[in-house]
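First comes one chain, alone, set out as structure tokens in the form predicted on its own.
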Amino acid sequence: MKKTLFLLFVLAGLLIFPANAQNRRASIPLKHGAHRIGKRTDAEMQRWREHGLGQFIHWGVYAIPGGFWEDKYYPGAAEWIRSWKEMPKDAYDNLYKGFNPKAFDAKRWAKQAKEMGAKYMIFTTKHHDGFCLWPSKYTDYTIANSPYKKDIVKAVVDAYNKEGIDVHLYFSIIDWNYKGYRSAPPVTKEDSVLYDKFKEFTRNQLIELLTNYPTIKGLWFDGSWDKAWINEAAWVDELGNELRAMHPGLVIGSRFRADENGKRHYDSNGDLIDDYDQTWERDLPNSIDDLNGSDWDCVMTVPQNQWGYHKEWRGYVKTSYDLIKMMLHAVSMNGNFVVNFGPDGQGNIRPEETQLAAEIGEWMKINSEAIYGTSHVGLKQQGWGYYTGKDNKIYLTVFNRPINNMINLEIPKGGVKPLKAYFLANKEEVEIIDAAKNKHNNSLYNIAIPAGYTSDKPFVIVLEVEQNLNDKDTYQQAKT
């Protein structure tokens, strides 16, 4: 279980959490705001909370043009190419007739994700273009009417489940293919009738996904920012309750719905809507205080902003070092980190992504103990790297090795006492030097990295601790 460095840390006040929603709740009466104050405490949510690392896969017919049309480069995110003025809508809407990904192998994808160390994955059942990768009975615009014909969603769910990886299904509220879809609220009676049909169509497809793939763990929504959808707060709230009743334990992030005042993610009282904060897309918080005490995840692209397959990655492309560092940043603040992959039109994960997955996996095979099931440690952040913790262990993941080979630790008064330290990779013990106390009575320690120790990757030092019962100065420091 993901713990807060066991009870001794709680007693010592070492773990720092900002005031939660219960303390921040305002007095605005809401029918469609948050239905729970604070975090979920059930086993399914705890399982999600402990994942640490996930995989996102964006795949659809947009992988066929791959960011180009008639040799013209599309500078936006590849999955949005249908919205580009240079992309003929009719041409795009007929791409499915050539969608026959003969290289697609869900088992190969799942094995690669397993070797990378992913504990869950998010898969695009349909993006904004409306093309369904499962044979939905509510539209003809599906994989069943492509040359490929077979149910891709089922293949993905089955393959990842077999590898022990939880599956969450991405679903876009936006659907450019469905004639009743509207981004703005309906104005005419005809528009209202059409939008009501779209709402029922959306409901039917979501129920269909939960019915067809009962082993999935959650739904990951996108495209819920349209004013038309925001205005349907009561209806969407009822739909969410229906989906949860169908699938107890279902995990839904904060993108699905708004409250009756149009507030998304956090309602008008400042309370998180649904189960976890989804505002950290391609972004990371500066401190634990930025998170409102909520569960959260960060979904991250490899290039700057390409989710679906683009033939050309321009600009800065993240390295495995970058992604591992971002993962530690997220996990050290009680978040999950999800790396995106965009397979090509044939179903191949591109070589650059395969290499990144392998490099992350090599690191995780040695150091995953510092990731899975760990949580925030309320120690003063140092420039050398990140803290994570579990039970009586603090994991120090070192990215910037100090020139003097001394890892500095400052433990607050009434905190814990280090017992021993060792490298996670080989269990070799390292020296802990007691550097006494500073003027605030905080205990100061140095962990000495042997001068002869070499590593070309970030490395982890494990610090085992116990409650410091001999800290006599704990309550003697005057307040200033």
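Residue positions are given as counts along the sequence shown, with the first one as 1. Quantities reported herein were computed from a predicted structural model and do not represent experimental measurements.
Separately, the form predicted in complex with a small molecule exists; it is not shown, and the next lines address it.
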property	result
Exercise: Trp220 in contact with the small molecule in the predicted complex, heavy atom 4.5 Å	yes
Exercise: Phe56 in contact with the small molecule in the predicted complex, heavy atom 4.5 Å	yes
Interface membership of Phe201, the small molecule in the predicted complex, 4.5 Å heavy atom rule	no
4.5 Å heavy atom contact, Val299 and the small molecule in the predicted complex	yes
Heavy atom contact within 4.5 Å of the small molecule in the predicted complex, the stretch among 87-95, 220-228, 359-367, 203-211	220-228
Listed residue (Asp271, Asp277, Glu79, Asp175) with a non-hydrogen atom within 4.5 angstroms of the small molecule in the predicted complex	Glu79
Position in contact with the small molecule when the complex is considered in the predicted complex, options Asp196, Glu281, Glu312, Glu163, heavy atoms within 4.5 Å	Glu281
